[in-house]
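Take a look at this single chain in structure tokens; it is the form predicted alone.
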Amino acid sequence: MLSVLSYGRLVARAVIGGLSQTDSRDYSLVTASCGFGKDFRRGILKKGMCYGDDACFIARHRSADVLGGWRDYGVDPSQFSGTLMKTCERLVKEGRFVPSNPVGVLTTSYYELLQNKVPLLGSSTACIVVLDRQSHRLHTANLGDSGFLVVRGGEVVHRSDEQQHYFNTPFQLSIAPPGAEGAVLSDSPDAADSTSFDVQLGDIILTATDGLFDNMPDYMILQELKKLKNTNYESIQQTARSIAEQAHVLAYDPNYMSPFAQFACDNGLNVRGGKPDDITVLLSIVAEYTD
């Protein structure tokens, strides 16, 4: 059976492992979310699972758990990413997806938006993570600068790769206003980076939008994850909130040399401080499946 996770600017990413073939137990993901809109000082969910202009979803269908997230760069912030997220979530719940092909979920959802009688203008990055409960394999699709980390034994064993055309210009899905198609950056869902690998019980999967990764380097995230002592939902939720809160504070620190500022300096720009932005965090632990 399967488990799927996805979220976006679109946001979502994947897991690894070397698991014994004799393990016949089904696995699942115990997942909690937290986030902040850049205009808020507290973690507040807008309608649906949206933090600011970010959107995310957690869905399950028979043998799979699915997580997803996206980051909106649209004309009407949050509407494009939120609709894309809801469409992906519906497809998963209806069973209209292949767990080993998360790009297919993204593609079908995007083309449904394209076929709307009234086009929904905007653009979004995206990340989708799917756990196949029976095979213990994680399948991921990431387009743009949202992403995921897989942590085992206190170390990052797998990490998504950012997709950037150039500095601060990530790959993204777009629907442009009529007549402006050639002037708006738009990538195909097929351009998403796809990975598949085994996971183990106890693996930690963190999926997030760039609002987290632009403000917190891996070592800070790992320090927070050390506080996660068990797999119950309350503990996962508390750790997800701690990570999101720290990233939110750092985003407004003008003296902090953030990962985003370091990347800007590498590209010849004199930048210092955090990057105020919407932040979405999905934190999951691989656990034994129970009904």
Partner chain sequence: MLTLLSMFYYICLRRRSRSGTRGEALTSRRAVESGQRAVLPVSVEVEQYAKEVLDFSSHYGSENSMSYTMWNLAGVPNVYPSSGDFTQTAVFRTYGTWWEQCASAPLPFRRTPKGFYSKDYIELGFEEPVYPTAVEVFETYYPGAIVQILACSHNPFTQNPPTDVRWEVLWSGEPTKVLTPQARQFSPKIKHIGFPTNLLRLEVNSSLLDYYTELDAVILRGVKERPMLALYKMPIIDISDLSDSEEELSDVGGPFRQGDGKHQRTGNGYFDKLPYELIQLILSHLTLPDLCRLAQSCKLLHQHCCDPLQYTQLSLQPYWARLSDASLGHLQSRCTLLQRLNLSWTGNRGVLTLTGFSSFMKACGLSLVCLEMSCCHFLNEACLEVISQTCPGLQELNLSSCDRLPPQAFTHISKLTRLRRLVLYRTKIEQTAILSILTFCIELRHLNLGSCVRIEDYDVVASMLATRCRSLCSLDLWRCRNLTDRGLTELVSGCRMLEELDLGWCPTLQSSTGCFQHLARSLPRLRKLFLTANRTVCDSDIEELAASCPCLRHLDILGTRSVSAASLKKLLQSCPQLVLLDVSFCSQIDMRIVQELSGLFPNVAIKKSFTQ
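We call the rigid core the largest set of C-alpha positions that still match within 1.5 Å between the two forms. All values derive from a computational prediction rather than experimental measurement. Positions refer to the first chain, counted from 1.
The form predicted together with the partner chain exists for this protein as well; it is not shown, and the discussion that follows is about that form.
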field: Single option in Gln200, Gln163, Thr87, Ser135 placed near the partner chain in the model of the complex, where near means a heavy atom within 4.5 Å
entry: Thr87
Position in contact with the partner chain when the complex is considered in the model of the complex, options Ile221, Val151, Leu91, Ala192, heavy atoms within 4.5 Å: Leu91
- prompt: Of these, 155 to 163, 140 to 148, 203 to 211, 108 to 116, which stretch puts a heavy atom within 4.5 angstroms of the partner chain in the model of the complex?
  reply: 108 to 116
- prompt: Taking heavy atoms and a 4.5 Å cut-off, does Gly182 contact the partner chain in the model of the complex?
  reply: no
Sequence-ordered residues of 249 to 279 touching the partner chain in the model of the complex, heavy atom within 4.5 Å: none
- request: Could you tell me whether the Cα atom of Gln115 shifts by at least 2 Å between this form and the one not shown after core superposition?
  value: yes
